[in-house]
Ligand SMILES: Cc1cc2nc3c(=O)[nH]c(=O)nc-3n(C[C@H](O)[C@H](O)[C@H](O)COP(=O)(O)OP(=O)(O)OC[C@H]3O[C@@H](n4cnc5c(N)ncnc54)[C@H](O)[C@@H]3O)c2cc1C
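Here you get one chain, nothing else, as structure tokens; it is the form predicted alone.
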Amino acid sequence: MAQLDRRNFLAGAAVVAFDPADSRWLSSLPENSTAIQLPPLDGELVTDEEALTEAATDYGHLAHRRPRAVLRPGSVDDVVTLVRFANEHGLVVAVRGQGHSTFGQAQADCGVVIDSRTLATIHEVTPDRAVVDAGVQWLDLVRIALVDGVAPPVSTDFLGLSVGGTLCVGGIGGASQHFGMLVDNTLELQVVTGDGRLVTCSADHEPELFEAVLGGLGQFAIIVRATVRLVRAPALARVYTLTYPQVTDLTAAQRTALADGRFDYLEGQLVPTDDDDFTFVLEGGAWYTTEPPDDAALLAGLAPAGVDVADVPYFEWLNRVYETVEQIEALRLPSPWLNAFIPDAVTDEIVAELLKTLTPADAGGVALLYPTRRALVTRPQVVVPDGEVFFLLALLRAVSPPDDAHAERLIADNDALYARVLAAGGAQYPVNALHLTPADWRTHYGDRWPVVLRDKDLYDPRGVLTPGQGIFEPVSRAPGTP
């Protein structure tokens, strides 16, 4: 997905003033009006049709909440300026990175969307960490870090996500079985709180804010810069694709592989077959630079029906789905995703129930199923089930050809499956197309809900940030209200 250079701003008059009487942004400051001049910016605030339409669209193509302006910041100070202005004048603000939300989570109805693609500098890469702006794509960080022989310990399957957007959710991948999520590998953040304060936070400095923001769904502060952990990277990946006739065969093999940690990367898929059914695939990766892995040791006890082994450059493996995702996105297909964390003890039961009715057409593009260890997920805002192991079930649906009625039916299916997962002690990984109320979010957070409320009141008391998540009841939008 494209970065947005400040030289490539869309042609359109930049905003210089705001009229609170009718919530209009103005490209000039009329005399004798109620309009308020916007403080100076290093970037631009724009209201042209193309910018507003893009900000009202995301990967899911299901929600279209239109803002009234888009900020393309030229500096972190621009973000501070806008958030303070929003507090003073009763506006809502959301941040859009690469637009990979699926249900309007990063949209701001009648508010302002901050396009973080203009904050995309990689400031520093050292042997054990990188300092990057929130708008940097993981793809660019990985590519540059690998020049020095290092990389993040965990990567999401698609590298075209922004650093800031990923850290607002979690960042899970096939290496999470060893390293947790990307939020667990974040060392420091620079953020703009909902009340407009620029703060640097970490486990040692402002730790409550640090823990609130990581996995905090953009509710408490805007991430503008992050320091993330790096580790030594291999040169090559040996990838094992193991097929199984039954889903329980797959999950049994995954549990065996997880127990001894034999693979550096462990995932799995439900793959459609020509007879409108599924076959089940374990994906295991073993990293190396000179000495190849021991195939026999890695495959021992996994009993696959089929085996394919391939060696690929490490970067090529990490970036394997980028072009495919870009091609799908260009089709603008409705994509009602569901990502759920399921307790290990009930995974086989829930997935078997799902497969009784799930068709390849309803599964859509990709269906993932793989386990990870709960103990490695350390950030309190990321809700995962109790127990030593949980599974991610990810139905990355795409409706082709586009059909609104079909998409709505799949969202209803998501709601029903999520209710089943929740009743069994599971949770959502919140990048979904689900109909959720504030009461549903209270259930999601469970015993942590009082802390979530406290943090909202402490860091975003006027409810300025990220309304598209729908976590809190809307607050008064009267300008300057406490």
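Given the structure is predicted, the values throughout are model-derived calculations rather than measurements. We number the residues from 1 along the sequence you see.
Another form exists, predicted together with the named molecule; not displayed. Remarks below refer to it.
S.K.: Identify, from the list 189, 318, 221, 342, the residue with a heavy atom within 4.5 Å of the named molecule in the predicted complex.
M.R.: Contact with the named molecule in the predicted complex is made by 221 alone.
S.K.: Given that the named molecule is left out here, which of 242, 95, 92, 183 has a heavy atom within 4.5 Å of it in the predicted complex?
M.R.: Checked against the cut-off, the match is 95.
S.K.: Okay, which stretch from 408-416, 301-309, 153-161, 244-252 lines the named molecule in the predicted complex, with non-hydrogen atoms inside 4.5 Å?
M.R.: Partner-contacting stretch among the options: 153-161.
S.K.: Though only this chain appears here, would residue 99 touch the named molecule in the predicted complex if you measure heavy atom gaps against 4.5 Å?
M.R.: Close contact exists here: in the predicted complex, residue 99 approaches the named molecule to within 4.5 Å, heavy atoms only.
S.K.: May I ask you to check whether residue 171 falls inside a 4.5 Å heavy atom distance of the named molecule in the predicted complex?
M.R.: The answer is yes: residue 171 has a heavy atom within 4.5 Å of the named molecule.
S.K.: Whether residue 106 contacts the named molecule in the predicted complex should be assessed with a 4.5 Å heavy atom distance threshold; does it?
M.R.: Yes, residue 106 sits close enough to the named molecule in the predicted complex that at least one of its heavy atoms falls within 4.5 Å.
S.K.: Can you work out whether residue 284 and the named molecule are in contact in the predicted complex, taking contact to mean some heavy atom pair no more than 4.5 Å apart?
M.R.: Output for residue 284 is no: heavy atoms all beyond 4.5 Å of the named molecule.
S.K.: Sequence order please: the residues of 306-331 with a heavy atom within 4.5 Å of the named molecule in the predicted complex.
M.R.: The stretch touches the partner through 325 alone.
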